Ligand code: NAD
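Take a look at this one chain, the form predicted on its own, written out in structure tokens.
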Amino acid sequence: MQITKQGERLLVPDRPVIPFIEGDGIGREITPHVQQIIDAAVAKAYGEKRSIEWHEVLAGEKAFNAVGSWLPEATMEAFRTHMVGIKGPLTTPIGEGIRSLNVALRQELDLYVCLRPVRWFRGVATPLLHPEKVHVTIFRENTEDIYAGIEWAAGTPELKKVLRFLQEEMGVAKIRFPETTSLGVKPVSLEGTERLVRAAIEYALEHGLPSVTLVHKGNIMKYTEGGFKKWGYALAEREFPDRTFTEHKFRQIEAERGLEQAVEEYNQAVASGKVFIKDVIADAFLQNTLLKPEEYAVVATLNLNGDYISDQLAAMVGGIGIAPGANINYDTGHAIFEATHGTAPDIVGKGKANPCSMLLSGVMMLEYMGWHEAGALITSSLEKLFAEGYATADLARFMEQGKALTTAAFAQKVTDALQ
């Protein structure tokens, strides 16, 4: 049966059809194990009452070899129809075809939020002294900024046309080497900003989290990233006036009535459970997350910033191998959950692939469907195994008493621990 959306509610049948893309490279190894673990968790949590009907759809090399298309229309239609899906890592074709399969999926379904929760599992080795302080959920804008892909290569007729327009009609004189320059344009809109920031604030409110931080480079890019900051604050104050307190408002009170009054109103807001909306410049944020990560709960940011931020935070808790991700349109309900790493061709077939990124994305999928009990079983299983030193080789080699397991052996260990 199909998952549907009615108003604000996702309607999930007891036996939903979930489209999945196996993925390229190690995707072929990790995907069956992830399905095995999810099926076992659902059976443990709900008995025969609930189950998932997996429906394979094609993308990447497997699709190209089978039907001559990197991303067949049938795959897109399956995700449109069934609302929720999951995918392994995909190879992006070099020199031909789609610029990026992942970007194409996100753009086609308008999956405007790239959701990346980052947390530490006890036992996993990290470069931090206190990785337990890292518990951040990133809302990365997924359709604008560099993901719009508006570029012109140096020396092309299109680039020369853009240069003429900029120089002759717009009076731009800052392009130092026009003959060898390539150009790109990054669109950032009011609507794109508002729907992302709205989703981040609603997430913080729903989960009882203390803050949403707008991360930007508005000190330099004043109308794009600066607009993101300005529009984000305006949305919070307009749509959530009784449930948020903004740093923008704090500064206004400070200017009008003094610092003491601003601090008093801030303290009252925090005590009453309001979400504090603040902002920080992107480079300062990257430093701050290393020095004081506990100050950040939910982050809302543009695409390129979010790319850097999500990888750094993942490294801080042990690496991208345990970093889950989802691409979501909260308005339509469409969502694709995914492994956040690449296809790792160097370890294909060696039994070394780590399924945890895709598996934890599967946990996110279960939570999105409202099947929290099944998701919690998987998370608890991983917590137990990591604490005991069990992991695939990429993680085990850095653990104090790491016990390296093959992909299949680790997946079986996770499945057994569900019981």
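From 1 onward, residues are counted along the sequence shown. All of these numbers come straight from a predicted model, not from anything done at the bench.
From this point on, the text means the form predicted together with nicotinamide-adenine-dinucleotide (NAD), which you will not see here.
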Candidate spot D110, P187 and K229, all three touching nicotinamide-adenine-dinucleotide (NAD) in the predicted complex (heavy atom, 4.5 Å): no
Per-stretch contact check against nicotinamide-adenine-dinucleotide (NAD) in the predicted complex, the hit in 52-60, 349-357, 379-387, 32-40 (non-hydrogen atom, 4.5 angstroms): 349-357
T289, T246, T340, T143 - the one with a heavy atom within 4.5 Å of nicotinamide-adenine-dinucleotide (NAD) in the predicted complex: T340
Partner-contacting position among T224, T126, T92, T137 - heavy atom within 4.5 Å of nicotinamide-adenine-dinucleotide (NAD) in the predicted complex: T92
Proximity of L304 to nicotinamide-adenine-dinucleotide (NAD) in the predicted complex, heavy atoms at 4.5 Å: no
Interface membership of T193, nicotinamide-adenine-dinucleotide (NAD) in the predicted complex, 4.5 Å heavy atom rule: no
Contact label in the predicted complex: E367 to nicotinamide-adenine-dinucleotide (NAD), heavy atom within 4.5 Å: no
Interface membership of K87, nicotinamide-adenine-dinucleotide (NAD) in the predicted complex, 4.5 Å heavy atom rule: yes
